[in-house]
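Take a look at this single chain in structure tokens; it is the form predicted on its own.
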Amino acid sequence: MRFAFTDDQLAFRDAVRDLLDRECPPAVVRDAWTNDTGRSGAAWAHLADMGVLGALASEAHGGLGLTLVDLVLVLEETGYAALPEPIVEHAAVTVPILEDSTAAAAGRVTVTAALDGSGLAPWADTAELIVLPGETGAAVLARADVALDRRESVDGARRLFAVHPRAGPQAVRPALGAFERGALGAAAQLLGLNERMLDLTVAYVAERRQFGVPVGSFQAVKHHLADARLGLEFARPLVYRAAWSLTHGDPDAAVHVSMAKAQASDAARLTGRQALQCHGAIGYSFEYDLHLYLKRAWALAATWGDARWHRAQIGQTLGLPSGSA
């Protein structure tokens, strides 16, 4: 299969990158650890104005009528910025479920979801709508109709809540492909986080000096960073292929998503380890920005199925014995 992004898709990505550079620098991510909402503030509203939040909604319902192939590059950029918002849950997972909701497409309401199997919904305390698994699909509830129990998260800028529905009727919608879209979105964000950790580390080792030379000139450091770059470059085409497969209804789309999420999770964990080793003690400092991206990578690698779970899914599809994938 020959695949390349169009000029329009690349331009959309670049516009979002410029926006996030301005509206979601590390200071905004750091602030989300302790502010009242745990979110970015202006960045979410600007993404709504650009149409990102409703990218997958039809034009008839206020969206852009785009596909996951159009959105995957944008989600990668939100990973690079460690955007403290439920962008995957809103734009990739629930907008297709709420396909007739112009409010969700326009970003007038924020939607999150607990559809990854953990029972936890990120940023649920500030979302107007929360989507939960239902008996025949996805149950859509207003925040007033649920009780929330905050849970600890390794990433303080990604607040997690257990959601307990109160008694009452629930609107149920079809949720076909919701899990796959969520896993793909997390994988795309992991690509961006991987790139950000590499950029931080390359800049650091080029500046930090030992024995009168930059530590980046040492062969061992070069090997660490080359291994990290190789992992990222193996993961990226798998993520893009999964987006194409979901968009075009490939019967093997779920397998492609599992391949993408497993590889992206492994690559981000590897880069995190190499980044910490290359930074030395400063990499463990809360005041240094690396931890903002490292902890988001840890969180996303574990959600929407971790690498072990997705490899098991691939093994089942291939008919391999349990534990051999």
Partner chain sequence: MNIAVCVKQIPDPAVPGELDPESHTLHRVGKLILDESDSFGVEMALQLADKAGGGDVTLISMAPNNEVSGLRTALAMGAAKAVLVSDPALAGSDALSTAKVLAQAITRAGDVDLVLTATESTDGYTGTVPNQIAQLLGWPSLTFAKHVEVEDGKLTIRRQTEAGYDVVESSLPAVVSVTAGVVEPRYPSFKGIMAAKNKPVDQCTVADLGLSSDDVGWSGARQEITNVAAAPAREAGEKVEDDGSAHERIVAFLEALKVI
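Computed from a predicted structure; not experimentally measured. Numbering follows the first chain given and starts at 1.
The same protein also has a form predicted in complex with its partner chain, omitted here; what follows describes it.
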Close approach of H46 to its partner chain in the model of the complex, 4.5 Å, heavy atom: yes
Partner contact for A301 in the model of the complex: its partner chain, 4.5 angstroms, heavy atom: no
Interface membership of A312, its partner chain in the model of the complex, 4.5 Å heavy atom rule: no
L83: touches its partner chain in the model of the complex, heavy atom cutoff 4.5 angstroms: no
Listed range touching its partner chain, judged in the model of the complex by heavy atoms within 4.5 Å, from 288 to 296, 267 to 275, 64 to 72, 25 to 33: 64 to 72
Residues within stretch 27 to 59 having a non-hydrogen atom within 4.5 Å of its partner chain in the model of the complex: H46, D49, M50, G51, V52
